[in-house]
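The chain that follows stands alone, in the form predicted alone, written as structure tokens.
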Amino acid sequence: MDRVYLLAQPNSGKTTLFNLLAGESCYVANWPGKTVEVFQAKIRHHGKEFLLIDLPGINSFKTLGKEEELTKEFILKESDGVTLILLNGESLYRSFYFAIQVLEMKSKAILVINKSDYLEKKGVHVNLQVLKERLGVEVVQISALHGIGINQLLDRILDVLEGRIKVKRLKIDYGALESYIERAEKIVGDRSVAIRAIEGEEKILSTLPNEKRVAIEEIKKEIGEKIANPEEMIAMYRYKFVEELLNSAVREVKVAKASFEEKFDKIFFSKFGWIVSIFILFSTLLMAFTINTGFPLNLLLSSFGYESIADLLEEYSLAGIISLFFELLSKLLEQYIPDSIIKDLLINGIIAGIGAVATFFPLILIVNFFMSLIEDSGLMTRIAVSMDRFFAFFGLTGKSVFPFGINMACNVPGVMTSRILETDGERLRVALASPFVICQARLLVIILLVVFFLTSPILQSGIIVSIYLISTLIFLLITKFYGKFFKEETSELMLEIPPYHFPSLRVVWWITWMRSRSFIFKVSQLLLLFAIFAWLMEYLGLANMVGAIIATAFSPIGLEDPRIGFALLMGFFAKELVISSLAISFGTADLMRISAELSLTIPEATALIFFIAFYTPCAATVSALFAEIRNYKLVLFSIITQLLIAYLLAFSIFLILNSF
């Protein structure tokens, strides 16, 4: 099947275009020989089918993360199929500079200028015919957001695939460097490879035999002695080419930047911008939690004396409605199914286990939806830039806010998102520290335990806020700690600041669903499997025995009940299983009854909550961690560190509260 590769810099609208073209046919696949995943989709147009591959966004050929390295390798190597180079209509100069570098390497390509609606609004007119003649490839202008020009783009893709349109590789005149480029071309056999080699591209030079590499180095040295730095000279000629190209093909009426954008940017990029960013992130999360569970708005209403409203908010939250559904289902089955082992498995195993944690799924969707809104509005890039100065204290860049934010939804994609970081040192440190960020699965377990084990609204809210603050601090300190073992390579934060715009709900929902669906489906299967396992252990009387062994380690903090020990064991596989395990052990999903039977003191309950918050999130996170770093020893060390920190925190909290 013919392949079409979608290539773009960040903020070009690549996700919108891919979503529009792919529709429901999108799926995820690993790039051959890599752990990096890419989106693919089979597209059919006029009876012809081709595979559309969405390559990771790439800022430049310089500072690159793991995913960007994949895209760079694709550009530098020969490949089949057609390359769609998507340009950002809001930043034509920068986009064209990147595009001509790709066009020097790729002959079968189509230039796609996105955001035609923006260009029209700003009075920018692009002469596509001039661009086509100068660049030697088809040029199409579209608006992925509004679906303008998409059929024309698909027609041109088929034209190039079937050879109806002749394309050629771009050749830029490098003036005084041409004689040197010709000499290098005779050595390596390709003009574009020769130019890259003279620039000092290590990925090109490393593939050359030693004698050819030495010859190229001699040419570079000669250029440096007789003219100037070869890399700077090549960049100068490219900038000159882009300038002449745009002058001949683009007519632009300059419009002053909107004043509200300037005011907002002054806030974001001030010395206190990171505080605004943290406020936005946490406000978004609190809004999502309120919709799903009623927390923390229910606690605020209770503290002001509005108990009845708080109860209604909690009862008719998404979590409350789902819990009510499973309670009614259990009662219905209890009434109509005769007593048997199947009935016990169904009610006390599957329904008690799954029902206790089904409330997580709406929260996953809601958090991912709100995070996607922030990303697609232009805010997330500003948050990253504003956080850069703060993160620099810990040897990180502001780009680390992306995996940090995703970790708040789920640690598995959070660990995977560390791929976007530009240096191996930062990527490894952030991945290893990710399990300390409180994900929504742990949060809901924490909320449930806090609400049912503790009665004071002040204590409840204080514990949750403390856990988040401690979690953030540990994440940052652990990245600094791991910096002692991994080289803290310095890298500058390079992000294009997009204009503020109203998010596309279609794109936002697509991103939300792609981030949520695999987690939901995988966790659903995992929860069902372990719910049955927990019931079986309970039914055979083994849960009590295993739980008693684990509980001995927690006797110093008063958690000697074997049912707690078994629940903590199950929580290692998935935090949601702490609740379902307790539900199965006590034969009820009613946490009020479970709390009454356990009769934990405030120090004991708080210690338990802190341990659950900070020990290993789940087996899926461990698996994702190993997939990213490929080192058993580091993963094992990470797990031991998590358990040790969680236990020390729980023990310290127990001692402090017990002293009062």
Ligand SMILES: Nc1nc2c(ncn2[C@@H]2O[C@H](COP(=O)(O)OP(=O)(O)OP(=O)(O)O)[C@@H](O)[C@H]2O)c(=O)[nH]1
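Quick note: we count residues from 1 along the sequence shown, nothing fancier. Everything numeric here is computed off the predicted structure, so don't read it as measured data.
The same protein has a further form, the form predicted in complex with the ligand, not shown here; the description that follows concerns it.
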### Query
Out of L145, V250, L312, I165, which one falls within 4.5 Å of the ligand in the predicted bound form, going by heavy atoms?
L145
### Task
Go through S581, S400, N114, S434 and name the one with a heavy atom inside 4.5 Å of the ligand in the predicted bound form.
N114
### Query
Should K221 be classed as touching the ligand in the predicted bound form when contacts are defined as heavy atoms within 4.5 Å?
no
### Query
Quick one: is Y118 in contact with the ligand in the predicted bound form, heavy atoms, 4.5 Å cut-off?
yes
### Query
Is there any non-hydrogen atom of H501 lying within 4.5 Å of the ligand in the predicted bound form?
yes
### 4.5 Å heavy atom contact, E231 and the ligand in the predicted bound form
no
### Task
Counting only non-hydrogen atoms, choose the one of 92-100, 460-468, 137-145, 235-243 that falls within 4.5 Å of the ligand in the predicted bound form.
137-145
### Query
For the stretch 1-22, which residues lie within 4.5 Å of the ligand in the predicted bound form by non-hydrogen atom distance?
Q9, P10, N11, S12, G13, K14, T15, T16
